[in-house]
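Take a look at this one chain, the form predicted on its own, written out in structure tokens.
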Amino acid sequence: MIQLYGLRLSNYYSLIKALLIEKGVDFEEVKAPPTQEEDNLARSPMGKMPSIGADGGYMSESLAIAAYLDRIAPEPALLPADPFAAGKVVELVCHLKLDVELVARRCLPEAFFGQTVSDETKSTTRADLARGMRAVQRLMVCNPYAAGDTLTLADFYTFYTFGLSSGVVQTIFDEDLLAGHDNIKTLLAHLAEHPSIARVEAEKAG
């Protein structure tokens, strides 16, 4: 059985939990906050969450874990069989992670943890998020799923990217990150009802 380490408040923890449920893989949740303690660094070299324990070892980073899960539980497939289509899914995932979620995360300390970020950081974050959203919009298909007519890994990243990023933008800038992106809003509402995601969100709230 796979051990899933982390905390339910983490969007990436929730993403991996949803993937485990989607794949029908047996797992147990192990509460493990992000620390620089040696036991946590053994699981996740940067001390981040989530990480998993499997096959006598540990693995961190959501994309790596997702790739591993797709190998051990090929169905349902979360990447298309066509190589180019699979590459386009990963391309969208990368832009969601790097150009939206990680950019919004710069302001996370002030948004959710009572710290302060500089006005310069806020200014560059706002500008970079606008660029990131334009990039994501170019790649989003939303017909009806993020990358086309089939649920893929990109949908899970879409849901958990905007769950965090929209909250940060609303709190810091009093703005709707998805203003003008009605196709993404519709997709998010659809994904919220998907069984694996709905279970994760219900258990998080419970």
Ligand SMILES: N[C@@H](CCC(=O)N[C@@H](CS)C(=O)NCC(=O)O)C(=O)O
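Residue numbers run from 1 along the displayed sequence. Predicted, not measured: the structure shown is a model, and the values here were computed from it.
What comes next is about the form predicted together with the named molecule, which is not displayed.
Under a 4.5 angstroms non-hydrogen atom cutoff, the named molecule in the model of the complex has P34 among its neighbouring residues. Although the partner is absent here, E29 sits far enough away that none of its heavy atoms falls within 4.5 Å of the named molecule in the model of the complex. Taking the partner from elsewhere, S62 is found to have a heavy atom lying within 4.5 Å of the named molecule in the model of the complex. Remark: K48 counts among the residues lining the named molecule in the model of the complex, judged by a heavy atom distance of 4.5 Å or less. Annotated contact segment (heavy atom within 4.5 Å of the named molecule in the model of the complex): 97-105, selected among 131-139, 67-75, 82-90, 97-105. Contacts with the named molecule in the model of the complex, taken as any heavy atom within 4.5 Å, map within 1-29 to S10, N11, Y12.
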